[in-house]
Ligand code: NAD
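This document starts with one chain, in the form predicted alone, laid out as structure tokens.
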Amino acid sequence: MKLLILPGDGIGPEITDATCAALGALDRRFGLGFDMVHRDIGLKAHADMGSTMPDAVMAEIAETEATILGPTDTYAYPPESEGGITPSKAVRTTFDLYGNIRPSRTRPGVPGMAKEMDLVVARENTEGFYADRNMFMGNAEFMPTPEVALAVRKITTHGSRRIAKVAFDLARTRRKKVTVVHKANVLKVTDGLFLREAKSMGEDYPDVEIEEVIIDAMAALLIRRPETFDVVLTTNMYGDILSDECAELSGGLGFGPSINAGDDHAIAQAAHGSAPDIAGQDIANPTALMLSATMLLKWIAARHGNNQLAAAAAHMENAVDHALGQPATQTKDIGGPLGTQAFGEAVALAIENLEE
């Protein structure tokens, strides 16, 4: 099974190396036959090939079922006309990865702000206010005069219904509750359409409870009672913001995993950025990317009915939790002694030694 590894920028190479150490141990434990292939993207690829997302890499992603995408420093990229292609935009639009799935939960040993939380944000991934990726041609953010800046938000019935289906399907595997987050009291047309289609989809899931919460109230309720939420369904920008809040509640952005999934492809990608200020210091927490990799393996396992791969992914997540739960093997950002590489080795050791 081929795993395409795209390390990215900043802390990307460090956390992907730690993740690969864990995946290597998982391969040895379960005999999965992983073939981990590394390809350069980001600033290194631009320096060598003139593009932050070379065409050859995009073609290889298209032919590979499992891709792990490291964080990228898009602020430092040149204009797109000079090869500064945003990898997240490129993969999400090219492969129609309309579902960004971001779980957050409290974990033993991790000093999170939330006492109890176990939820998943199902975020629409291709529309909304993301001006660089919601139009067929051109950019949805523009200035008709030097003093006026405008942005166009795109919400479609098709886009709303398919992410709603993802959310309700997820809820059926969990605690059977979907919270639709919106601002339809003000954005009556766009958020109104999203809410209408989410509620319509909910009619096909009579066993799943559905509630709706205004976005600003949701930001507050996540602080007050995060344990009451199960699957949170929302639009692109709201989902981006709320999922970062959830990750922080769980212990920090270093604990924020995600996958970008469509009908035919899924790509693992931690929710955080490339953190260039700590790059090369061996202090970045690789947990988010490790857990993103387990999500990817679970997605592939479900797609093919592969129980062995599903069991392996669950075992890797248990190994991450085991390492985080021991003071001697915790990461430095939560007060532990281990750097990025050492934590990868600790998780690999847990994978090899823990009972299934």
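All residue numbers are counted from 1 along the displayed sequence. The structure presented is a predicted model; accordingly, all values stated were derived computationally and were not measured.
FYI, the form predicted together with nicotinamide-adenine-dinucleotide isn't displayed, but the following is about it.
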| query | finding |
| --- | --- |
| Single option in S250, S243, S274, N236 placed near nicotinamide-adenine-dinucleotide in the predicted bound form, where near means a heavy atom within 4.5 Å | S274 |
| Proximity to nicotinamide-adenine-dinucleotide in the predicted bound form (heavy atom, within 4.5 Å), stretch among 163-171, 107-115, 209-217, 280-288 | 280-288 |
| Partner contact for D73 in the predicted bound form: nicotinamide-adenine-dinucleotide, 4.5 angstroms, heavy atom | yes |
| Interface membership of A270, nicotinamide-adenine-dinucleotide in the predicted bound form, 4.5 Å heavy atom rule | yes |
| Any non-hydrogen atom of A18 within 4.5 angstroms of nicotinamide-adenine-dinucleotide in the predicted bound form | no |
| 4.5 Å heavy atom contact, S88 and nicotinamide-adenine-dinucleotide in the predicted bound form | yes |
